[in-house]
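Shown below, as structure tokens, is a lone chain in the form predicted on its own; questions about how it binds or moves come after it.
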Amino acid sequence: MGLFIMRKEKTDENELLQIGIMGGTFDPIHYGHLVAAEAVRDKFNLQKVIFVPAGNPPHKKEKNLSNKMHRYLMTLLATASNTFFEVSTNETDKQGYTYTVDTIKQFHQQFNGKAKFYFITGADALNEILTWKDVDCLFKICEFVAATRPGFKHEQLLDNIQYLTKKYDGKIHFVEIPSLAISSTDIRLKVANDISVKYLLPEVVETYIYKNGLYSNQLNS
């Protein structure tokens, strides 16, 4: 079972909790992720957002990902100051490939069916969602919130949302997040090339990266 701290929520006994699930490799987590999570929390009046660092994502099996415990600890450090944010080891505790549909099912079990889940992801991921495991089931057990960066082709996104909504009878929302112009890939390359990453991510995460020598040999990752 994933590990995270449960807090008492002031809700009606029969009212479903509104929970955001922010999945990602977080390699490293940066301000774009944090701003997106807070914007969605505020827009949809969520009681909390649970960050779920990916364990062994099948769609990135050829990528040179950092050790999952490094990614988990960076996420923990980055979210510690926000009382609405929590971090789960749901996927990092598992062996083998991890899949979003299994993660959401596990959260339904952990909350005893008393929560409604919003899966927060980048708009780019919607282009790949048809390759995800049991995508038809996924649309039945959670709603999607696609976070876009400024300049993203909204017409293409809306067409994609319309197609997926019609095909799977699911619900997909989108919000524009200016800070999503920040890229984990760009941060890794900057670190590898000894270029400053200050103000792109929380200082505690920056310190962790340099202290543990992350990304120094990942010019092509």
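By rigid core we mean the largest C-alpha set that fits within 1.5 Å across both forms. All residue numbers are counted from 1 along the displayed sequence. Nothing here was measured: the structure is a model prediction, and the numbers come from that model.
The next section is about a form of this same protein that is not shown, the form predicted together with adenosine-5'-triphosphate (ATP).
Looking at residue 55, you'd find every heavy atom of it more than 4.5 angstroms from adenosine-5'-triphosphate (ATP) in the predicted bound form. At least one heavy atom of residue 32 is located within 4.5 Å of adenosine-5'-triphosphate (ATP) in the predicted bound form. Using a 4.5 angstroms threshold between heavy atoms, residue 124 counts as touching adenosine-5'-triphosphate (ATP) in the predicted bound form. When contacts are judged by a 4.5 Å heavy atom cut-off, residue 98 does not count as touching adenosine-5'-triphosphate (ATP) in the predicted bound form.
Proximity to adenosine-5'-triphosphate (ATP) in the predicted bound form, defined as a heavy atom within 4.5 Å, singles out one entry of 94, 116, 149, 133, which is 149. Contact with adenosine-5'-triphosphate (ATP), judged by heavy atoms within 4.5 Å in the predicted bound form, is confined among 103-111, 72-80, 124-132, 85-93 to 124-132. Contact residues in stretch 170-189 (any heavy atom within 4.5 Å of adenosine-5'-triphosphate (ATP), taken in the predicted bound form) are 177, 180, 182, 183, 184, 185, 188. After superposing the rigid core, the Cα of residue 150 is displaced by 2 Å or more between this form and the one not shown. Whereas the shown form places them at one spacing, the Cα atoms of residue 179 and residue 71 lie at least 3 Å farther apart in the predicted bound form.
In the predicted bound form, the CA atoms of residue 179 and residue 77 sit farther apart than in the displayed form, by at least 3 angstroms.
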